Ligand code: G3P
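Single chain ahead, written as structure tokens, the form predicted on its own.
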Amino acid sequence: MKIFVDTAKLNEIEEACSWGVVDGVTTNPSLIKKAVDALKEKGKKVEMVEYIEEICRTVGKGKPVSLEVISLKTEEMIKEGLLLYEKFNPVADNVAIKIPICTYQPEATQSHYEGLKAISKLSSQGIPVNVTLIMAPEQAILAAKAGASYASPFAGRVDDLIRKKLGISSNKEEYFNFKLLARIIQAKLNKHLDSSLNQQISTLYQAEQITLDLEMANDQGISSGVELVKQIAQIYQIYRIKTEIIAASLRNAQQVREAAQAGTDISTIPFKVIEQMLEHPKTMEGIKLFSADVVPEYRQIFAK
């Protein structure tokens, strides 16, 4: 599995790249805002073109840097995608253009298909496209059909949605134990069925409370963000689709592990979560023990 660092902060990118484990970087307007705001708080002026060029150089040739368009109409997204690619790709030959899978909003005038058409057009010109805001396997199918190089399912946001539906209040960075949730739902279902065995199957199948319990515990058949990644990986494998999956919106180290087990090609991970992946109490205990046990004779080897 490849690791992309999900940040626009140059200091985080430089540090993560120095570890020798980073295969690329993903940015978006929100991440760029955080990076710019942090610099402004320190009284630093940001020249955006130079800043993005430095990101591309730092990551290096052959390691993708995803840059996102800001418009929601097809022609504007194509124009912006071409501008970003032509301006920044020559720096290190590593730019991918981020396009949302669907830009539809009921109160706006754009259709469902603005993003899809932009993906198709840019991809047909040989420009790598990273399709963002994927929340369902069917969206990932369309992204691949349109020629996307990358499909980014937002695992963490799917977990957020399911927790909200269930009224589970927790920090979004906390691990979402979807396996425990499945057992709870199954226990509730079994209890309801045990008390209703004398009813007709058709009646039970359409029972409102059963339906509500089951629907609340998933999003259109997806039980978690990891399950979303897994289903996309299965579909892509069946049809030998070459589009690479980027598991995005990962919130903690355990979710990164489960995304890898689910078959993602890439995980894009916040800087602090990559740090979490290194941590374990027994590792820290071992380091303390080993350091304390260094005998003078062994230490002397390194003093010469």
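Just so it is clear, the model here is predicted, and its values are computed rather than measured. Sequential numbering from 1, following the sequence displayed.
Although not depicted, the form predicted together with the ligand is the subject of the following passage.
Heavy atoms within 4.5 Å of the ligand in the model of the complex belong, among the stretches 42-50, 59-67, 273-281, 241-249, to residues of 241-249. Residue contact check for residue 121: none of its heavy atoms lie within 4.5 Å of the ligand in the model of the complex. The closest non-hydrogen atom of residue 85 lies beyond 4.5 Å of the ligand in the model of the complex. The closest heavy atom approach of residue 154 to the ligand in the model of the complex falls within 4.5 Å.
A residue is said to contact a partner when one of its heavy atoms sits within 4.5 Å of a partner heavy atom; residue 73 fails this definition for the ligand in the model of the complex, lying far away. Contact residues in stretch 95-114 (any heavy atom within 4.5 Å of the ligand, taken in the model of the complex) are limited to 98.
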